[in-house]
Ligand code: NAD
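Below sits a lone chain in structure tokens, taken as the form predicted on its own.
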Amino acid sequence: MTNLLVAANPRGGAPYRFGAADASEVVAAADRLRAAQPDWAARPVAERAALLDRWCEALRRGRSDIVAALTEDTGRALLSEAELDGAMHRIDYWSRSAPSLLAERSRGVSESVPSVRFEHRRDPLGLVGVISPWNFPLLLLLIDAVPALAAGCSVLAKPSEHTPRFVEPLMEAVGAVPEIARVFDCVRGGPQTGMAVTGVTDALCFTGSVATGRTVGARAGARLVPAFLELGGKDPLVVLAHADVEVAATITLRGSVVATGQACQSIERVYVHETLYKPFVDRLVAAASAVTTNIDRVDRGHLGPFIDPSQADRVEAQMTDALARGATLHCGELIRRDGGAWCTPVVLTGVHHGMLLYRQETFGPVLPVMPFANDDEAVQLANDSEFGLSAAVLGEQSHALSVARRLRAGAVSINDAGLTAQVGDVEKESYGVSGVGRSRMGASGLLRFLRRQALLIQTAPAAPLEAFGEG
């Protein structure tokens, strides 16, 4: 390791120093994992599933150390518990689902050449690179790594340099299952380490910003390897005329501020039918004003700190721009203390789409609220974004569905928000700059790591050259 990196403590405590893997170390790790992959793929899928279950048990035994490290990484306690639970749930899901998915066999007779029988086989892509973000560092690493392993691939992961502490207890759990340790590894480091990973793997999974996603996608394109990119969101929520105002305000607040808004599916734009606008804003402000932070104790309060300290600067810049352009601030503030930064829920009205907070991803608990007159205007406003990750519509179910079908978003929650964070078995694909590649949810989450090979069997005499001669 050629240099040391420093990860800030989001709660203002002691920073964490760790070694960054250089290009030669990334190449060595990739070579080792690629060499082990054929034997891993040759194991019966039921055996791979059983080994994943053993790994899950090891994670369970290491729970206290993993949660403690995640809490240091992210500055939040309850969500760190939930994150590990979610990761173990994903392992269990894929260990149960993989055998049936991989047991499917496709064979038949060609319609275009009836003498040709065919059958398909699935071949793992090989070594999969996973570059994961800081907002849910364990879960968003394993959400790609686990199905890749279940499919018979090996995995080289590069977690965010902002949240490196959890890697050590994670790899201790990996080491408890030597068969997994031979085909899964993590390299820590910054952008240079991540770029090295993009140069040595047979497929790439990236979760993060649009800007970095473009770089990763270009790198994959230059090498002609598959890339699955889950990028940013600017999720709209539409409150229709017959929605229950109290329920709508409750859903909107939770959908925006959970994890301090540091989630790609967070609600960042709110559109309310003009007949409900004032009572909705009043209820939302009252509820938002009661939200507390965990400044004094990590295990108290609703909202943790910004994990990446520079994120607070971006949120502040968007708020400053909005207020300078005429927005009204009803509640919420940015709080800086002892090296950490927190933000209580911000509710803004008098906003418009020319403001930065409508054009850029916020990744913070900021709720700009606009009225609309009819469904057409609501759809136009909600679709006025280059992002298209997910969305939400609240109101009478059939009416909400009719509006949802017109939205350019990969998944739309009806009478709730952020359901994609809870529902992992339903496929979805992003619109706009929010991502490319097959869904990481549902069966596609595993099948995307397999290349389909066709075996074409000629049952009639093969045609001679004369069959293709002129005249």
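Note that the structure is predicted; figures quoted are calculated from it, not measured. All residue numbers are counted from 1 along the displayed sequence.
We do not show the form predicted together with this ligand, though everything after this point is about it.
In the predicted complex, is there a heavy atom of this ligand that lies within 4.5 Å of any heavy atom of Val216, even though the partner is absent here?
Although this ligand is absent here, Val216 would touch it in the predicted complex, with heavy atoms inside 4.5 Å.
Though only this chain appears here, would Trp134 touch this ligand in the predicted complex if you measure heavy atom gaps against 4.5 Å?
Trp134: yes, in contact with this ligand in the predicted complex.
Just to confirm, Thr207 within 4.5 Å of this ligand in the predicted complex by heavy atoms?
Heavy-atom contact with this ligand at 4.5 Å: present for Thr207.
Does any part of Glu83 reach within 4.5 Å of this ligand in the predicted complex? Heavy atoms only, please.
Output for Glu83 is no: heavy atoms all beyond 4.5 Å of this ligand.
The unique member of Phe166, Phe228, Phe306, Phe363 whose heavy atoms fall within 4.5 Å of this ligand in the predicted complex
Of the listed residues, the single hit is Phe363.
Within 4.5 Å, heavy atoms only, which of Gly152, Pro159, Pro345, Gly129 is in contact with this ligand in the predicted complex?
When this ligand is considered in the predicted complex, the option within 4.5 Å is Pro159.
Residue stretch of 320-328, 246-254, 194-202, 347-355 approaching this ligand in the predicted complex, non-hydrogen atom distance within 4.5 Å:
In the other structure, the partner sits against 194-202.
For the stretch 388-416, return the residues whose heavy atoms include at least one within 4.5 Å of this ligand in the predicted complex, in the order they occur.
Result: Leu389 alone.
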